[in-house]
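Before any questions on binding or motion, here is one chain by itself as structure tokens, the form predicted on its own.
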């Protein structure tokens, strides 16, 4: 795979022949920006200008979100197909970075897959005319293609969206606009998703299923929707990845460390206040984005109870903060 010199905004293009995509694939990586202080709005915009002169999109409410322009990466690789079948993927992948509230960084790569109409590989200009679309040579079963992608390991045996999302994270983190010091030691969470795309009845809504992987900080999402739902599904996966990272960081990093520090008579107040002041306000389920997004989030909540878990963890952090504040001074 090699990055193209072309960069564009927007979601996947419509294939030249008008064929509807059969599948949508993506990967989202979420981490803390390597900067001690939170970035100002202007600094976030400057950081997301990955190509000079390219437009950056941003919203200020309910949370500040700045998105880089889409980058285009050309791919020509075999597909990792589960069970049986063979396929070759040729086309382009879109990727972008997201900064939320000047603190959280996401790198996301996504693509729509459609069946190739030609039996042979075509010239690159054909594929560059449809950014974010991959044509599949061969006739593998779409369900086997989806299962193969979702279960692929690192290094990838097929379509490697992990490297593309990781590369855009690395590009941002290496910027000389950052001081490369983090306020909290945390990990990177990964969400890999795949969507089955097919025409739906007029009243049908997209659906979602989430699987916790045996790999730490790794989640798999399966979605169903129409080809027109793909931008919504991409956005939902980014929101899920953000909230999953927030919950994991609070539940598996900040609370256990604070409990250990208190038991060893060390002061965890800085990390507890960071969680309450910087992370807790970012818990903003994306139901404000529209009824379809609300339906997806509520379906996810009905099985995972993420918001209730996050509320419990933030209550525990407040208890630990109060415990530290009233703890008697050490006697030497």
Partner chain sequence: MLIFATSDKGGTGRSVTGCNMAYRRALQGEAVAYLDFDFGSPTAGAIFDVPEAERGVDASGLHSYFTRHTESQQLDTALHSDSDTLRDLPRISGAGRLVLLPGDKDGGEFSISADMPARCAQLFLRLDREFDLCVVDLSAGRSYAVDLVLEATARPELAALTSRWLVFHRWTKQHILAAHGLVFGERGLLKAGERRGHDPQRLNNSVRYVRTAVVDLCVDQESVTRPAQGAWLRAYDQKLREQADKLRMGRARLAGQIPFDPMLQWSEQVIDDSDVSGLKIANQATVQAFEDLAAKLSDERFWEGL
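Numbering follows the first chain given and starts at 1. Here the structure is a predicted model, which means the values were calculated and not measured.
Below, we turn to the form predicted in complex with the partner chain, even though it does not appear here.
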* Of the options 266, 58, 294, 303, which one has a non-hydrogen atom that comes within 4.5 Å of the partner chain in the model of the complex? -> 266
* Asked: Of 247, 262, 72, 184, which residue is found within 4.5 angstroms of the partner chain in the model of the complex when only non-hydrogen atoms are counted?
  -> 184
* Asked: Can residue 151 be called a contact residue for the partner chain in the model of the complex at 4.5 Å between heavy atoms?
  -> no
* Asked: Would residue 169 count as touching the partner chain in the model of the complex under a 4.5 Å heavy atom rule?
  -> yes
* Asked: Given that the partner is absent here, does residue 130 sit within 4.5 Å of the partner chain in the model of the complex, heavy atoms only?
  -> no
* Contact of residue 67 with the partner chain in the model of the complex (heavy atom, 4.5 Å) -> no
* Heavy atoms within 4.5 Å of the partner chain in the model of the complex: which of the stretches 46-54, 272-280, 59-67, 27-35 has them? -> 27-35
